[in-house]
Each structure stands twice: as structure tokens, then as C-alpha cells.
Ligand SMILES: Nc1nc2c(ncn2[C@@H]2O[C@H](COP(=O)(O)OP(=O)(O)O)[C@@H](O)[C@H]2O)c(=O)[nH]1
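Coming up is one lone chain in C-alpha cells, specifically the form predicted alone.
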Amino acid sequence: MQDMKEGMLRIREELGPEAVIIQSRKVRLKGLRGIFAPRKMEITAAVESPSRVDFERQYDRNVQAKIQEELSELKMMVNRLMNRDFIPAEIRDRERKELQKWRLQLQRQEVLEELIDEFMTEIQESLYGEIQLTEEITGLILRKKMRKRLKTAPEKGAQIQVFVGPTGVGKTTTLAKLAARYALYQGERVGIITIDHYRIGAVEQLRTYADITGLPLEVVMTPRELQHALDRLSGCQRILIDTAGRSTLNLVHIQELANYLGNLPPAEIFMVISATTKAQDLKLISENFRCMNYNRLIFTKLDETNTYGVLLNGIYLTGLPVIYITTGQSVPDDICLADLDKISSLILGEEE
């Protein structure tokens, strides 16, 4: 080619408009003629892969779209803040008043203060004055947020179930209710083990339940005996293990009981908690019994209180689901699966 202009025309004809010049230089023709003839233009060109071109174009479009989206969100936030400043004072006061009503309700139910603060902040941030708060609207939003915090789970069906917890929470009665339920209602072969040989009358109480229902009962005194008892009951579809109640503050006794469960096969270990437990005591229970490796919750004695925040507090502090709640002493009737709507209604005062 004689010059760059001619080269560009030929490149576009042969390679198309997407072609790009990689290198250009002037060279002499080979042979004797090349010595006396003027130099020619040598141009090296190539075409980018269409897929790469398409990718880069799409990438540019995505970046632009993302920038526009972020700008729109930022503009919306600014508008919200500006509009909030122009909301009449009486409406803002009314919003605070409606939130305050529900704060007091949660406080009456002895919900942990940090949880209450989180609920109130979430409600305010989610609305930000865009709609007028009423008691009904606030209650609906609070119920929705509470349901997200609550955790329940279906019956797991584990062969081995262990019941642990502080003294006086109803572990033995709860075990008896479930044993009767499994044996009488579900037709399962059920065995019972007790390692509660500390409390006066504990073994006799369980023996009475076992005799009434015709279920085998094993009494163990050491961790080694527990394994032998499990072997003897290996033909059972369900093995329920009762444990001695321990003072929440007696870490030595709690660890002593944990030693029994150290070599236990995979099991559901229920932390049994009375619904009458105070919030601060619940914090100690959840922490001091952690060595028991409990993985499920049962709340008892809901019939003995009209404050139910402990159910939400227990889930919040342990991160574990509630499986059962009990509402009386009757065996096997006063026990049921935990239900999100039921629990939230109790805490919000919507249950008659």
C-alpha cells in the first residue's frame, strides 16, 4: 500500500469497521527493484472478538444501570428525610404515642429491653413517616417482626430425647406426657431412663407413670450405667431420659450432670424452662447450662403466669427453636406443639 489512507480503506473493506490497527511501518520491496523503488506501507490489523465487544458493551450498560439505581435510592432517602421534617408535629407525636403503647405492652410481658428497642427502631425505620401510624398498623407490623424472631420446629423424631434444666420446671411431668403420647397415641415402643436419684420421690414418680403406661424404666447411678441402660432399651423406637434438676448457680453440679451425656449418641436435648422464669434468671440458665449441649427448648407452666415474654427471650438468647409448650399437670393432655401465631398473640395480649 502506498499510504495510510489507502491502507485504512482496504482494511475496512476486508475486515469490517470493527478492525483495529495493531502496527504500521514502511518497508522496501524484496529484490533489486526494492532498492530503487519508494518504500511501501505495511499495516497489521485485527478484529476484536464479537463476544468480547458484546461483553464490554453489556458491562458498560450494567454499570450505568447500577449507578442510576443507586442515585434513585439516594434521592429517595433524601426525599424521605426532607419530607419527615415537614410532617406536622402532631402526627409525629401520634406515631410516638402508638409506638409507646406497644413498648409498654412488651415491657408488661417482660420482653428483654434490648429486644424491645430493636423492634421499635425497626418499625420507625421501615415506615419513616410515609404512612400515618395507628395502633392497629403498628400492631400488625410488630406481629410480623416478632414472628421473624420466633423459632419453632416440627417434631424431629429422634430415638433418644433428654430433658435437662433447673429445679422445679416440670421435666419429669413433661417426659411423662411425651412418653404417653408416643406410646398411646402413636403406638411406639418407648423406654424411660432416669438419672434423677437426688430428688426425694423422683424415681417413684416416674415408676408410677411407667407402671400405668406399661413402659420399661431403667434407673442409672453412673455415666457408665447409662450406656448399659441404652443398650438394654435399644429395641425401643423412643428412649426418654430424665435428669436431675440443678441449681442455675451451681456450675459444679451442672457439669457433673453433663458428664452423663458426654458419650451419648446423637439426641434431642431439651432445655426445659418454666414460663415463670425472670428475664435475668433466663440469661443465667441459657449460659450456665450450655455445657449440656441442649439443642431444643420446651416451655412449661404457661397456665401459671400471664406474662409470656420469656418464650421470645429464650429463643433470642439461645438461637434455638421451641418445640413444645405445656399448660397444666394433666398427663398426657396438657402439652402441644409450639405455634408462632399462638406465642405472638400471647405476648401481644391478643389471646382471650
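Everything quoted here is computed from the prediction, not taken from an experiment. In case it trips you up, residue 1 is the first one in the sequence shown, and so on.
Here the subject shifts to the form predicted together with the ligand, a form of this protein not shown in this document.
With the partner omitted here, the stretch from 172-180, 138-146, 220-228, 108-116 that lies within 4.5 Å of the ligand by heavy atoms in the predicted bound form is 172-180. In the predicted bound form, no residue of the candidate spot (T121, N313 and S345) has a heavy atom lying within 4.5 Å of the ligand. Looking at G262, you'd find every heavy atom of it more than 4.5 angstroms from the ligand in the predicted bound form.
The shortest heavy atom separation between G191 and the ligand in the predicted bound form exceeds 4.5 Å. Shown alone here, G168 lies within 4.5 Å of the ligand in the predicted bound form, counting heavy atoms only.
Although the partner is absent here, T152 sits far enough away that none of its heavy atoms falls within 4.5 Å of the ligand in the predicted bound form. Comment: the ligand is not present in this chain, but in the predicted bound form one of Q205, Q159, T248, T213 has a heavy atom within 4.5 Å of it, namely Q205.
Residue in contact with the ligand in the predicted bound form (any heavy atom within 4.5 Å), chosen from E70, E42, D303, E287: D303.
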